[in-house]
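Okay, here we've got a single chain as structure tokens, the form predicted alone, with questions on binding and movement later.
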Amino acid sequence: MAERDDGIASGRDIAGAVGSLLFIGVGAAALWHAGEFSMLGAVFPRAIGGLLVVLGLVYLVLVVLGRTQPVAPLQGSLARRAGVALVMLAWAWALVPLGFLAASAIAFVLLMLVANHDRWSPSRAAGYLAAGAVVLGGLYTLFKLVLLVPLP
């Protein structure tokens, strides 16, 4: 594999292809499970699941045609990325026992603590908490009352 002037190896993006396969699997699972929802409740999972499958397939075709190339390694904190992934995984597992609102509120606070790069101040924390309450309340209202998604 040759190396370009910017230090990035040329060739096909195999990691991207593997990621595309994972997204296709997640999209297919979303489409499968959307069959259990109401007609309105299934709109969002079907749209996102369909996009994951279609765009994953498009990227795989681009890889096969040699129209992709690996990207430079990520800069930044691996610990923060791992922390965000762990919090999101814990949130998914906590949805059923804690319920949507409680699990999401806890995950929001933990994600703020893990991912925030700025210095904390009382006004910044209050602003983040207020924004989180508005977003969570809005999402709950949209999914539960408008789209009739069966939330845990």
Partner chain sequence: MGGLEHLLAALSPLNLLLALAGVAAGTVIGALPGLTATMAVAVLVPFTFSMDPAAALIALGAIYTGAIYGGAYAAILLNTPGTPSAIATTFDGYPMARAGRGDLALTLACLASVAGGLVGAGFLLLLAPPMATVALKFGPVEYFWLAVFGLTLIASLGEGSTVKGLIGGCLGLLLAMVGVAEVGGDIRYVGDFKSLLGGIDIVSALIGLYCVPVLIELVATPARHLESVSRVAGFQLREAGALIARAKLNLARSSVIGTVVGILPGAGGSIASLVAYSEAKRASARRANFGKGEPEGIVATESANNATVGGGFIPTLVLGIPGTPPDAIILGALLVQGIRTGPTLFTDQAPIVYTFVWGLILATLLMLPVGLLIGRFAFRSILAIPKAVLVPSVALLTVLGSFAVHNNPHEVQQMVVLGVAAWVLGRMGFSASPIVLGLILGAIAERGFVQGQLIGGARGSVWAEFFGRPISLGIIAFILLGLLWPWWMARRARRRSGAAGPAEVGRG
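Under this definition, the rigid core comprises the largest set of C-alpha atoms superposing within 1.5 Å between the forms. Predicted model only: the values in this text are computed from it and were never measured. Numbering follows the first chain given and starts at 1.
If you look for the form predicted in complex with its partner chain, you will not find it shown, but the lines that follow are about it.
The shortest heavy atom separation between V84 and its partner chain in the predicted bound form is within 4.5 Å.
By the criterion of a heavy atom within 4.5 Å, L98 is excluded from the residues contacting its partner chain in the predicted bound form. When contacts are judged by a 4.5 Å heavy atom cut-off, H117 counts as touching its partner chain in the predicted bound form. The closest heavy atom approach of V58 to its partner chain in the predicted bound form falls within 4.5 Å.
Proximity to its partner chain in the predicted bound form, defined as a heavy atom within 4.5 Å, singles out one entry of L89, V64, A102, A126, which is L89. Counting a residue when any of its non-hydrogen atoms is within 4.5 Å of its partner chain in the predicted bound form, the hits in 116-152 run N116, H117, Y128, A131, V135, L136, L139, L142, F143, L147, V149, P150, L151, P152. With the core held fixed, A105 shows a CA shift below 2 Å between the shown form and the other one. Relative to the superposed rigid core, V18 undergoes a CA displacement of at least 2 Å between the shown form and the other one.
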